[in-house]
Ligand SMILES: CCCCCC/C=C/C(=O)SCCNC(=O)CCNC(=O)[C@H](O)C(C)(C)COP(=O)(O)OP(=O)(O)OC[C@H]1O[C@@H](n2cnc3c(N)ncnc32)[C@H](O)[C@@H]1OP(=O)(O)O
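The chain below stands alone, shown as structure tokens; this is the form predicted on its own.
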Amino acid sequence: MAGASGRVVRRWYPHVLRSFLQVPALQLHVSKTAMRASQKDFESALSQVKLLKDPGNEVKLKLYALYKQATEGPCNTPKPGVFDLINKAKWDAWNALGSLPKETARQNYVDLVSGLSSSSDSSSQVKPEADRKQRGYETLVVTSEDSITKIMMNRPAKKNAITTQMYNEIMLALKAASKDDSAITVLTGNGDYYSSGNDLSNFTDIPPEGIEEKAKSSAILLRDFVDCFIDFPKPLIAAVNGPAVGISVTILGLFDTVYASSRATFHTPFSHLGQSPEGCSSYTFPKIMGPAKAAEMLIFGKKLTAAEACAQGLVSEVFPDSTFQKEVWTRLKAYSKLPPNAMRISKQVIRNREKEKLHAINAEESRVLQERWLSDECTNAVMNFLTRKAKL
């Protein structure tokens, strides 16, 4: 992100790099039988890597570093600039291996790929029913039952943080749900969180084209994502099972009903990150709760409890956390028995007069955010946030 101070980036990278390289499940050990991997073994491992599912940035960095060490020896290239985030991370990972011998690096690479292959094989042996439910989605569980399509964000270990992949999968799931036989559609989260907002990788995964292209593509993705909620033709319900942050909160004004667990909270810390509102919240929040209350959330980042969100009209009803799932789904199953065409037409009558306005607001919010992402203020705020996260 252009304009960040070198001091901030230098503080951030050691912490991030340590987290990239410390993958407990994949620790490498050199025993008496180590360092025996032949060149053929190494080439076989290189072929295996191409067949594996994406193992994530941490493991890809380790694979990259071991490959470079095994083929070229210790790091021998100039250190990339502080703002070349991807190449800087790769260089740091390689350089961190120091004088590790080529033979040891080759053996460690083979061992790592072997471990990844075993893990991939075991994870693919799932029950047919589970496979049916998750087919086509890696970050979601999408099911249809009792005339209800449920889209469940499924990264509980990451507090359902929304990656670029999840953005795209939610759009695909909504488009499919708009055409299926269900009467209503529900968005919810798996685990303790509804969603913690944007995943950190959304800020650090900079393409070779640079930060400007990243900001442009992210603004387009955001606009398209929000447009899917504006255009969704069926009754759309949010079952907020836990804390919600950022984009998962701002789009709630586009849902027809929002049910919340008593444990849920609602937080939009835009100013803390040097950013501005999205999800049409600059229009829907003042309309729902009044300008003053909306300003407290969108400008000052006030976090609301479930009860406060309900009192201000953002949430339709709050249920005790202990009975949340039972009470919400009992009610939704009753709603799903209502005549589906009547519900769709009623939604059209309520929503259609504002659709054009909402699309214009979404486009403007996305344009402003693209500018904010390229600003020094936003860059420094995000870098400071990432640094604090890396220290945890």
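Bear in mind the structure is a predicted one, so any value in this text is a computation, not a measurement. Sequential numbering from 1, following the sequence displayed.
One more form of this protein, predicted in complex with the named molecule, exists but is not displayed; see below.
The candidate site formed by 140, 190 and 239 is entirely out of contact with the named molecule in the model of the complex, as no residue has a non-hydrogen atom within 4.5 angstroms of it. Of the stretches 313-321, 275-283, 173-181, 290-298, only 275-283 has residues with a heavy atom within 4.5 Å of the named molecule in the model of the complex. The contact residue chosen from 154, 198, 149, 108 relative to the named molecule in the model of the complex is 198, the criterion being a non-hydrogen atom within 4.5 angstroms.
For the options 222, 251, 85, 113, the residue carrying a heavy atom within 4.5 angstroms of the named molecule in the model of the complex is 222.
Though the partner is left out of this view, residue 263 does not reach within 4.5 Å of the named molecule in the model of the complex, counting heavy atoms only. Though the partner is left out of this view, residue 161 does reach within 4.5 Å of the named molecule in the model of the complex, counting heavy atoms only. The closest heavy atom approach of residue 247 to the named molecule in the model of the complex falls within 4.5 Å. Taking the partner from the other structure, the named molecule in the model of the complex has no heavy atom within 4.5 Å of any heavy atom of residue 185. In the model of the complex, the named molecule lies beyond 4.5 angstroms of every heavy atom of every residue of 304-343.
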